[in-house]
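Given as structure tokens, the chain that follows is alone and in the form predicted alone.
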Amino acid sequence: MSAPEHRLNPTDLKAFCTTLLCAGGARPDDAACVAAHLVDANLKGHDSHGAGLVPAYARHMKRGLVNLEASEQVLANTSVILRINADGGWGAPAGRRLVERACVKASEHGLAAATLGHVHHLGRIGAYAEQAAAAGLVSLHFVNVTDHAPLVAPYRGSDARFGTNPVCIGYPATPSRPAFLLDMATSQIALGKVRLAANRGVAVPSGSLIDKRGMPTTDPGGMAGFELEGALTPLGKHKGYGLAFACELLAGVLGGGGTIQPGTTRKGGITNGLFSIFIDPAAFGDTDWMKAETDAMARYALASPPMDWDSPVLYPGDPERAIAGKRAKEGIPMDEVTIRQLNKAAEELGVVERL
């Protein structure tokens, strides 16, 4: 039986998370940005990347695994290339600044490429594609993870060798269609979803997890804490494995922060590398035709008769928009275990507020 859930007001949850992060030593602007990014993930239905991460972030602050006084270093800044070393600072503020600067370059020159290395957890990558789409740009994002034990087994492997290494593609809205958003881990499911399953006392989908002996399991218990046992499996077998490897090369090597191989230091935090490409559609043809063709393709794909009439074909990005509308009205659902973890973090940080 799954654990009961509570509904939390998004504004109150954001304020609570901001208070906790500030109490841990984060600068107020950074704390507000990180909290907003986390709660936005909850609103979009990605609870694995939401406020439930704050206890882990609090531990990272306490152990010095996030640089609270980070000063970003510009490694390269040309007309179409931007390379940033985040100096171990928070992911959401650094990521949003990188996207903003790269979007300016792409709008002026047609395209731009940007890297962000040595940055704390970037969170839900779809937020950065949404930011670029709002500026009228196409964007592609590849992410790797270091400073953390591997989580995902390679195809045909029996132990973890990769992070969940997300890939994200965003495409701007048309007058009749909202922005396209593909945001996915290269594992069958994300680690955060396994931990939520453990908190809720439910099984994970068959084929998404192997145990410490390399055998298939649906029990998420081995991934509940931070001493991980077993491994996630790659999305689509060799396909997800190949994409995860590509993320190591693009984000880890080109991004300058290194790959997850053990020669790169692992202190037990979450450090990301990011490689992003930004494209102005206007540089590639008639934008009116592009918008009409985008709409025509969407109508064609979504017109496929559904296998289950209660589950029609959706446009990528529609699930997040639908859930966001629902949760903005009804509140963000959160299980009791996650609430206890957040309240415990508040107590340890000397914060009197409780959820």
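Here the structure is a predicted model, which means the values were calculated and not measured. So that there is no doubt, residue numbering starts at 1 and follows the sequence shown.
Same protein, other form: the form predicted in complex with nicotinamide-adenine-dinucleotide (NAD), not shown, and the subject of what follows.
With a 4.5 Å cutoff on heavy atoms, G52 does not count as touching nicotinamide-adenine-dinucleotide (NAD) in the predicted bound form; it lies far away. Within 4.5 Å of some heavy atom of nicotinamide-adenine-dinucleotide (NAD) in the predicted bound form lies at least one heavy atom of K193. In the predicted bound form, none of the heavy atoms of V119 sits within 4.5 Å of a heavy atom of nicotinamide-adenine-dinucleotide (NAD).
Contact annotation: G257 falls outside 4.5 Å of nicotinamide-adenine-dinucleotide (NAD) in the predicted bound form, judged by heavy atom distances. Proximity to nicotinamide-adenine-dinucleotide (NAD) in the predicted bound form, taken as heavy atoms within 4.5 Å, picks out 175-183 from the listed stretches 175-183, 244-252, 95-103, 258-266. None of G91, G240, G230, G126 but one reaches within 4.5 angstroms of nicotinamide-adenine-dinucleotide (NAD) in the predicted bound form through a heavy atom, and that residue is G126. Proximity to nicotinamide-adenine-dinucleotide (NAD) in the predicted bound form, defined as a heavy atom within 4.5 Å, holds among A322, M297, L314, A328 only for L314. Heavy atoms closer than or equal to 4.5 Å to nicotinamide-adenine-dinucleotide (NAD) in the predicted bound form belong, across 255-269, to no residue whatsoever.
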